[in-house]
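Take a look at this one chain, the form predicted alone, written out in structure tokens.
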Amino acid sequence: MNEAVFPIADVQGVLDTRHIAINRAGIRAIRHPIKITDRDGSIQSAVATFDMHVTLPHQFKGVHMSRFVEILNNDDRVISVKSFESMVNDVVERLQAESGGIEMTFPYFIGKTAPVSGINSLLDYEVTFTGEMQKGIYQFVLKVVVPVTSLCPCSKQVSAYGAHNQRSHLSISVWTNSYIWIEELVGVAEDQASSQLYGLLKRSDEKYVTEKAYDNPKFVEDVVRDVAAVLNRDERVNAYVVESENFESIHNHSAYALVERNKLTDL
């Protein structure tokens, strides 16, 4: 004899009487495989960490959290700067929300050619896509964390020979009105450093990058100002935050600087 089947209560959907809306409700730090397309149309596979959220009106008790995971598991699209908006739209529509967003952080590999030997290698960068849909208006933020080399101008000036240098993390976040590729933003960072990094170098390359950094000394303040100057001239960028952290080789602390600007308000 078959047992009776009773409907399961939708607890999240019941009425809440506290009259307090929630700005963000969702899931954080869920990892999932993705496919990313680069500027040349090639596809990379990676594992990304996602934060996903929607707004919750005051009358509803909770969000159906499983729907976020369903979106990831049912999504076989190839993600790019251009296609990320459709993924954010899916979250808002699937959760029947007025507003919502996704933050996706993943490793991104770019092929590098050594400056003298010409040997090829890959270098990884940390990239974050943040997409927000607010009442039908989409906003996208692209962030890259770029490892570079910086060489201290003061050390070079006061030392009889040599100068101390350090590996630095140069972070750039841009709010855009048009598409900017990951490779473009990485290039902005590397061009303004004392020297860029490479995954593989021969001795002739090591000599080149060491001497290049020595001929191009920069304080942490110099780096963020030089990057900001480039972004100021880029009409695709509405706002930005530029940060540089130098992991000092002669101190047990980091040197740090930040520049931020909103071009739409700083007129």
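Everything numeric in this text was worked out from a predicted model, so none of it was measured. One-based numbering along the sequence shown.
The same protein has a further form, the form predicted together with another copy of the chain, not shown here; the description that follows concerns it.
Asks: Within a 4.5 Å heavy atom cut-off, is Asn165 in contact with another copy of the chain in the model of the complex?
Replies: Yes.
Asks: Looking in the model of the complex, any heavy atom of Ser86 within 4.5 Å of another copy of the chain?
Replies: Heavy-atom contact with another copy of the chain at 4.5 Å: absent for Ser86.
Asks: Please run the contact check for Asp226 against another copy of the chain in the model of the complex: heavy atoms, 4.5 angstroms, yes or no?
Replies: Close contact exists here: in the model of the complex, Asp226 approaches another copy of the chain to within 4.5 Å, heavy atoms only.
Asks: Just checking whether Gly187 would be counted as a contact of another copy of the chain in the model of the complex - the rule being heavy atoms within 4.5 angstroms.
Replies: No, Gly187 is distant from the partner.
Asks: To verify the annotation, which of these, Val141, Ile182, Ala97, Leu123, has a non-hydrogen atom within 4.5 Å of another copy of the chain in the model of the complex?
Replies: After the contact test, the surviving option is Leu123.
Asks: Where, within 170 to 201, is there a heavy atom within 4.5 Å of another copy of the chain in the model of the complex? Residue list please.
Replies: Sequence-ordered list: Leu197, Tyr198, Gly199, Leu200, Leu201.
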